[in-house]
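Below you'll find only one chain, the form predicted alone, shown as structure tokens.
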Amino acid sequence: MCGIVGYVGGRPALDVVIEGLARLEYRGYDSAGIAVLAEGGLATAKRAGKLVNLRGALEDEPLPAGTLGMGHTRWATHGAPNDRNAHPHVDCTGSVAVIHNGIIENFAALRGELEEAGHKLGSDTDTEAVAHLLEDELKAGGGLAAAMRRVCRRLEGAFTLVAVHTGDPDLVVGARRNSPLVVGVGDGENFLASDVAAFIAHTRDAIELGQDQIVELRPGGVTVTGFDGRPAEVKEYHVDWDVSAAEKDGHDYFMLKEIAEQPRAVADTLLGRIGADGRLTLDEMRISDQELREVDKIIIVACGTSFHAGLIAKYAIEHWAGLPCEVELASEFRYRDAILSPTTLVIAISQSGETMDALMAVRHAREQKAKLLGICNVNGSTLPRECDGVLYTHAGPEIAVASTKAFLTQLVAVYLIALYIAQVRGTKWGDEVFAMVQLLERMPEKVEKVLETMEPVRELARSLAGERCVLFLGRHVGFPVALEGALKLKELAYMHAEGFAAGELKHGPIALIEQGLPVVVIVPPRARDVLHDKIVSNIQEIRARGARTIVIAEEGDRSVEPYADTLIGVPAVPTLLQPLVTTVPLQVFACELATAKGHDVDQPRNLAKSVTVE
């Protein structure tokens, strides 16, 4: 959840680390801190609140210059988000500093042990215990890396740790278990970070760190070992985007930029998916055709926005591939007696590839011998490495906490998987699959068309900034879109918002309708006559009870006009693909309404981009 940066090289470490933290602040903004090793020893600064507060403190009291440093931006778990709980944390001697992402589950016992031994701990965090454990282990000799290995073997939970020590002034040590950490390899300098965005301005060459590994960073090289001290194999890779992709590019917010990037992101996800033989090909699948033909059930696990992508995937998989499909919240999946077997395919969806609930669900499924397929946006993250196959969404970096382009590219990914399984299993002819992929390839221009007509949606959002509640209704694939629209409004505008299946309206939710209540309705294409007519009846029912109806329907649908207080037209597309165009107005609506309320849409309160703890 937190953002971590480490640096050693020839540049001023303070500048490199602060720049990296600015690119990682989406991971947490409860506090920020930095440590630099200089000639005078270890110097630290930390402040509660966003990074701007730390910048101000450093302007008032600059740290001494040094070429080794580390920084942290925090999403609070243990201890209030204040100065004393901000990272880095130091030991009793002031010679060891530690930053941390994750949760150390046995910290209370460790803290009690340390206090009994005479250590003075000054924070409420689980992290500070590690600094004092390292202090004791360094007395045993062997250096910082050896001390970190011994400490990590005592820790329970999920964690990334980075530490520096005055006794080894050209060394940064990192440790990883169930939490993201990646190495950036430079020329005479090296980097550590939670995300490659932190060092992309300096290098695009990176190293994946595996589970239970220790990395030693020096200006001239990188050494990786396991917690047991044995040399570890590493995978090097090249980041295929540059620093400009992590900039706002003239937009006021990253979210606005990422909404605007959706046509290109969808196109990039579709690039190269048709082989020379005209058949759909998924290079990263790594699950054989025979294994896919043996699959008798699919379970999708995901959280938040990715869960809504999974709900839409269910419709596509069952319609095209003819397989039963369940969709589970990853956080609940392993706490019930799910029925899995070697013929079950589990599809895990995570933008970051580091969502702890999704990773734990995957590990549970692995224990049950199920096949595992990941959908992920981040190359080198944990999820792809723990699955039998992966489909990368190629959305590029998504900095805003509320997901937009990642969601649309996840939809494209699940459509491709559904079509691929249909092709392998023979439930769709090759020309049918090819025709559907061609329709998908036309979707970027459809999304672009939606974006070009959004000014009335922005005006509507501004007019509703004083409302307390907004409801969303949908049917078929419009139901998950309604859920996603409500989630965006909760995340960004801090409003009560709920999404309902329109058919459930008379089973309770209609009691919420009152005079003037805004209700957003996603109308199925007219080609789905039964569903279309039923939801038009729903619109009439709520309007008769005083609701203010905001209707999203395909262009030219005259049948809804008499019942829509506001009508938002989207291009006509096949039913299963409609979420690619109906979601976009809801993203714009939530972003504009939150902005009208004066909220920071990139960094909503209490949230962080990647949930790396359970």
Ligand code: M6R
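Quick caveat: nothing in here was measured; it's all calculated off a predicted structure. Sequential numbering from 1, following the sequence displayed.
The form predicted in complex with the named molecule exists for this protein as well; it is not shown, and the discussion that follows is about that form.
S.K.: Could you confirm whether Gln410 comes within 4.5 Å of the named molecule in the predicted complex, counting heavy atoms only?
M.R.: Taking the distances in the predicted complex, the answer for Gln410 is yes, it comes within 4.5 Å of the named molecule.
S.K.: Could you confirm whether Leu270 comes within 4.5 Å of the named molecule in the predicted complex, counting heavy atoms only?
M.R.: Output for Leu270 is no: heavy atoms all beyond 4.5 Å of the named molecule.
S.K.: At the 4.5 Å heavy atom threshold, is Leu487 in contact with the named molecule in the predicted complex?
M.R.: Output for Leu487 is yes: heavy atoms within 4.5 Å of the named molecule.
S.K.: Contact with the named molecule in the predicted complex for Val401, defined as at least one heavy atom pair within 4.5 Å: yes or no?
M.R.: Val401: yes, in contact with the named molecule in the predicted complex.
S.K.: Using a 4.5 Å heavy atom cut-off, which stretch among 287 to 295, 302 to 310, 115 to 123, 229 to 237 contacts the named molecule in the predicted complex?
M.R.: The contacting stretch here is 302 to 310.
S.K.: Could you tell me which one of Ser352, Gln262, Thr160, Asn538 places a heavy atom within 4.5 Å of the named molecule in the predicted complex?
M.R.: Checking each option against the named molecule in the predicted complex, the one that comes within 4.5 Å is Ser352.
S.K.: Can you work out which of Glu128, Glu491, Asp195, Glu189 has a heavy atom no more than 4.5 Å from the named molecule in the predicted complex?
M.R.: So the residue touching the named molecule in the predicted complex, by this definition, is Glu491.
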